[in-house]
Structure formats: structure tokens, C-alpha cells
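The data below hold one chain only, encoded as C-alpha cells and taken in the form predicted on its own.
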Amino acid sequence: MPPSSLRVVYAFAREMHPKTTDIFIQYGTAGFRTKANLLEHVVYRMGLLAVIRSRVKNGRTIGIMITASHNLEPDNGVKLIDPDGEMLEQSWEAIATKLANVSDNDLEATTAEIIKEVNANMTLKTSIFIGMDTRYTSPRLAQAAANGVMALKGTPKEFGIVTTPMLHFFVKCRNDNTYGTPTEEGYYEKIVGAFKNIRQKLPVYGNYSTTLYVDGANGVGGKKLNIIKKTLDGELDLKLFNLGGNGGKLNLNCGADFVKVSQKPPVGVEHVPMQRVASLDGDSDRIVYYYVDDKDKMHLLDGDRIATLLASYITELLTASEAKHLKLGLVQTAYANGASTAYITQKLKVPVTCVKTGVKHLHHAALSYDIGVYFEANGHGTVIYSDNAKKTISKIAEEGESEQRKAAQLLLNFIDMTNETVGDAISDLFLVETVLCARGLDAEQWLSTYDDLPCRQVKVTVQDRNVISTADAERVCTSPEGLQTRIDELVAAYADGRAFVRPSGTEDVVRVYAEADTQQSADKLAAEVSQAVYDLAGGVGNRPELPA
């Protein structure tokens, strides 16, 4: 692109989307995420970068999603989606950060420098898909993204309010027409259609109930399920709560992150003893389950539980179809409960890989298996099937013996029900309900497969989260000096003790995780480690309080 065109880009940015803050913002685990009023210039520049990225990828479609996921409503964010529906290539995160933070005066030169650095052919036609969540700030930011795309003569296609996983799906389908149709209707046809097909082959029996309560976190996922529920033909009876009406605030005291971290039921949901409930997060890329017993105690079924449930069922189908030679593996992070890892490796005999927090790390590791199951404990995850696995299973479904064909056909439906591009709460909900139905299980029976170690997560506000450095898939803290030694000393005092700390990829905090043999011990260990972080990593605000 000639320099004169870039001057137009610069002038438009200065006039319509000026940089009004000197606050440094970094492309993190899921893109840029901060207070919405700080993001307009960032989102405009990500429109520019999406066009550059698309042209580096020979004109293939790139996605821009406006969302802050599980964060509260005043926040917002933006992330780019690569052509295969995956997260932005990690090497480009530094480029995104650089472009987002330069001054308006340097934007022209920096954009030209990036174009040259990545050797982008700026004459190629390109298209950019844009989606947004339900935040009141999202339409303005989506428009800023579209303006950035058009400034470099790209073509934006705006999908309006969609779940984050839907936009990942659309991008994948646009670049690979064998995967599906890049529309909301195409998403429903593939994901929901596969669910209905497989449920027609599975009789409802045992303790499984077709009634499912859903906490929509007052976000987009509940709204989409409200559309889907009308098409389910009685295969699943969804009772939806927290759909954004009656003054409900996005992710406030509800949603997957609230349920997982606080270990409390969300507000706004009717609680019937032993009734299973699925909690989505604000942009519907996370899901956790729970139920409240007849003594009002909540029992959580998180991402670890979902991963083990899906992995065990896929293993069962592989065995029945005599495709056991396909290599299945499970990917976790340090947040995975130690009991789940033991169950997977010792009972299911499935190999486990541990990686850094962030779905991009899990997704990459899962690609090393024929079938890779990956979930963070927070409920963000999916299953990936290699081309070899799909071809093998398809061949058995056509040529195998009767029972082999039956199992293989179920597995093919299971594959179609899966959004392989990214963690998807709606897809995962249907996967979980399929397995529970196939096995005749209620939530209590699902929980009984193994006993979680009690755990606690805590956030500590510090002056600079980047003073925390980690290694060994974030299980060891390498700086500041002395912090890991202190953590080791604290952990040694507790039976089944385990703890780690890491800088958040989405918030200006340090996250603390602790496990022990009792909840009281886990709570106390988490508080003690939080105090160590506060003392050694520059804590601000109120000091952590030890439990009574």
C-alpha cells in the first residue's frame, strides 16, 4: 500500500478513533481486555491488523470478536481469530501489542513497518468477520473494528451479537467449506442437528432426566439457547435463567466463572434439590455444571469433570468400534484438580499433558493426539479429531461389523456435535447431555466417579502482575526471588497440599490456587500463599485475610 494511503489511515484514526490514554495494554491469553472506555483506538487498530494478517494468509478470512468473556460488564475486549478458527498465532501477539500502544503520530510509520516486516501483499482481496457480545459498549467497538478494516480496503462482514465460539466456527467454515456453513443457521444445523440425530439412537433410561436448568450469565449464550430450545423436539427440556432481563447484570454473581471461583450457586436460578444446572459464561465459551443437594450444599462439576466424562465415553466408543489404535490423550493445566489427573491416568489409562494456562496452549498440545480432549478447570475446552481419526472412524462406520458400525456412527455424530475450533459452552452442553443419557446417569452419579481434593482460588491485586514469572507449565514461580521457597514451605504443612501462583492473562491481578485434604486447609493455604504474594510481589489494597 502506498504511503499516501497510510496517511489516510492515520488521519482517520486521529479524527475518529484517537488514542486518549497512555495506559499500556497487552495482548494476553484471550486478546486485549480492559475497561471498555480505553479500547476504541485499540479495536480500530486491530481492524487494520486483521486485514494485514488476512493478506499474509493469502486473503483467507480472519475474525475479530468484541468480548470480555467472563469479565463484568464495564470491561470489554477484542481478539483476532486465525483462518482455521484458532486463536491468533502467538508470534503475532507482540505485533498486536506494538500496534495497539504506539501514539497516533507513530501509527502511520508503525503500520508501514509491520506490513514490510510480515511481507503482506496489500493488493489481495480480503474479508474480515466481526462479532460481538451483549455488552452495551460492544456496538461502538464493533464499528471501530469495521472502520479499521475498511481503512486498509478490507471487506468487513458483521454478524452482530453471536457467541465467541460461533464466530470461530464461522471463520473456520468460510476458509474450509467441508467443515460447515459460515452462518448462525449453519452452526445450528451442524451442532444441534448432530445432537438430535444421536439422541434418537439413545433411549432415555436409568436416572437420567431430560430436564436441564441453564444459567445464561445474562449473556449471549442463554439468548441463543432460547432459540435452540424450540427446535429440540423434546430431546432436551431446557429451563433457562439469567437471560439478561429483570435487571440482571452480565456475569454479576452468576455464570461459569462465578460458580467455579466462588463455589456458590448463581443468583437468579431456581434451585430444586438434585436438579443439574449448567452455567455458561458471558460469551458462551465456558461451561460448568453443578447441583444443590437436599441439605442446600452445592456440588460442582467443572471442566475436569467434563473432560473425564467425554474422554471415558470416547474411549468406550473407540473400543466398541475396534479403533483402539487411535491415540487419545487429555490436556490439562495446573488448575486441574489432582484427583482428576489421578483418575484419568490410573483408571482411564489415558495419557495426560500439562501445559500453561490459556486455551491456545491446550489446543496446540491436543493436536499431537489422534483425538485430543482439552479442558481448563474453568470449563473452557473441546475435543479435536485428526484427519486420520475421522477417516478411520468413517471407514469403520461403512465397512465394519454391525456393532462396530453402530459405535462408529455414534462417534461420527459426536464429532459433528463438537466445535473443534475452540471451547464452546453450547456444543459442550450437548456433548455432556449425550454422555449422561447414554449412561443413564444423574448429576450425583456423575460426581461419584472420583472425589475431588478440596481447593480454593484467590485473586491478589499487585502493582505489576508481570513481576510474577513462572516455569513448568506455571507450576513453579521463578520470580520474585524467594516466593517459590515460601510457597514450598507453606505447602509442606498440609496433607495433600499443592499451590501455585501465576499472573492473570485477562485481569490486573495475580491468581493463587491451593489444594489440600480438607476445605478448611485449602482455604487457609490459599490465604497464606496470597499473603506471601502480597508481601513479596508488591501487593496493593487490603491485605489478604486468613480464614477464622
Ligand code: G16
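The numbering used is simple: start at 1 and walk along the sequence shown. Everything quoted here is computed from the prediction, not taken from an experiment.
Keep in mind that the form predicted in complex with the named molecule is not shown, yet the notes after this line are about it.
- Query: When the named molecule is placed as it is in the predicted bound form, which of 192-200, 393-401, 430-438, 356-364 ends up with heavy atoms within 4.5 Å of it?
  - Reply: Selected range: 356-364.
- 4.5 Å heavy atom contact with the named molecule in the predicted bound form for all of Asp215, His299 and Gln445: Checking in the predicted bound form: none of Asp215, His299 and Gln445 is within 4.5 Å of the named molecule.
- Message: So in the predicted bound form, is the named molecule close enough to Asp285 to count as touching (4.5 Å, heavy atoms)?
- Response: Although the named molecule is absent here, Asp285 would touch it in the predicted bound form, with heavy atoms inside 4.5 Å.
- Query: Would Gln26 count as a contact of the named molecule in the predicted bound form, using a 4.5 angstroms cut-off between non-hydrogen atoms?
  - Reply: No.
- Quick one: does Glu376 come within 4.5 Å of the named molecule in the predicted bound form, counting heavy atoms only? Yes.
- Task: Spell out, yes or no, whether the shortest heavy atom distance between Arg55 and the named molecule in the predicted bound form is within 4.5 Å.
- Result: Contact check for Arg55: no, nothing within 4.5 Å of the named molecule in the predicted bound form.
- Item | Contact assignment for the named molecule in the predicted bound form, among Ala522, Val512, Ala30, Leu483, heavy atom within 4.5 Å | Looking at Ala522, Val512, Ala30, Leu483 one by one, just Ala30 meets the 4.5 Å heavy-atom criterion.
- Within 4.5 Å of the named molecule in the predicted bound form: residues from 380-419 (heavy atom criterion): Just His380.
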